[in-house]
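A single chain, nothing else alongside it, follows as structure tokens in the form predicted alone.
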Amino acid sequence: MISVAATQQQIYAGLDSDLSWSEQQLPERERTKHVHRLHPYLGKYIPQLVEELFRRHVPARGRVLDPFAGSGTTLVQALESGLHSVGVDIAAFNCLLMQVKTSEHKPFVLDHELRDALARFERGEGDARDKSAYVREWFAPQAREDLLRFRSLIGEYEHSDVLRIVLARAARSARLTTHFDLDFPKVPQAGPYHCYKHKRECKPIEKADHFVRRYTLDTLTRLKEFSRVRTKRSVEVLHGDAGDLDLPGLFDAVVTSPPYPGLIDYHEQHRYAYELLGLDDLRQREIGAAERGTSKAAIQAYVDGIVRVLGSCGNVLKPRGRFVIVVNDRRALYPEILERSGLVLEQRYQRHVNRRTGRRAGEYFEDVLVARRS
């Protein structure tokens, strides 16, 4: 018997068509519009999905909470959709990225500062001294000098956080790694290699100046684009564990995509940013950090952590408010999680994920769980 791959029509049969898009319907340039591509980030959900979930489950001019805010997709779309929002994340780099995406920057000052910092960098200004073993190990000499010189300049500007994101993005691209493994390189790539991405022999990156220039100008363009579509709504970013913080309620809805057990260590994914920017590393407080992986103990620690956070969020949700949770629950953990969190499932949508950041084989599906307090 010959096995035939599922057609697009077969894949979408039985799915919520308003939550599932083909690559042709929703190309990458639209999924990464304006600030959504300010820095690569694994596992984020797409803005068009969030827009539709807001339309279905959040009242106009309402207030939204995302306790696992990640790269800030919920907050960005709240600003674009005319909603107030609060986002919480345990990872300092995620919070920095969210702040840069959602802050209301002064356009003329922003333009002047980013161009001035770039001009000074290209004139050779800046101090390249650094004692970090990580920086010496993961960057070629010229790339290391470029990044460190740029880093030494950014503290002089009002929009220094924007420049820090530029530096992090340049550092991600300039590491001594293969072109096809930018997400989780395990060891530095010192010499030439066969590149599966370009189908030829490639060499590791030797300098970073072109990345600094490219990402400075791209960041400026994206922030300007977002400034034209954002609304005058409040947004707050909190660094910490949503299960421990005093959340500033009340909220009309919780809209979030929790981390998956044992899949991505977001501190390690952005290690270059933590090293270069000196960010506070709270990875030991991540959900399931004490028992990483997919062992029975690790899964139980994950369940306990999610229950604790959702329970805390329930305390600041309005009586008619709803939890909207986007998750691939292939281990069927969420019936227990919802029950222990005091939540009752009202609706369950299934959607096809047309593409994720990074390489992925096979079809991928997610559930959208809509729940209320019992």
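As the structure is a prediction and not an experimental result, all values here were calculated from the model. The numbering used is simple: start at 1 and walk along the sequence shown.
There is another form of the same protein, the form predicted together with a small molecule; it is not shown, and what comes next is about it.
By the criterion of a heavy atom within 4.5 Å, residue 266 is counted among the residues contacting the small molecule in the predicted bound form. Contact check for residue 167: every heavy atom lies farther than 4.5 Å from the small molecule in the predicted bound form. Heavy atoms of residue 206 never reach within 4.5 Å of the small molecule in the predicted bound form, leaving it off the interface. Using a 4.5 angstroms threshold between heavy atoms, residue 240 counts as touching the small molecule in the predicted bound form.
Looking at 42-50, 343-351, 315-323, 328-336, the stretch with residues near the small molecule in the predicted bound form, meaning non-hydrogen atoms within 4.5 angstroms, turns out to be 42-50. Taking 173, 81, 99, 257 one by one, only a single residue has any non-hydrogen atom within 4.5 Å of the small molecule in the predicted bound form, and it is 257. None of 106, 213, 285, 112 but one reaches within 4.5 angstroms of the small molecule in the predicted bound form through a heavy atom, and that residue is 285.
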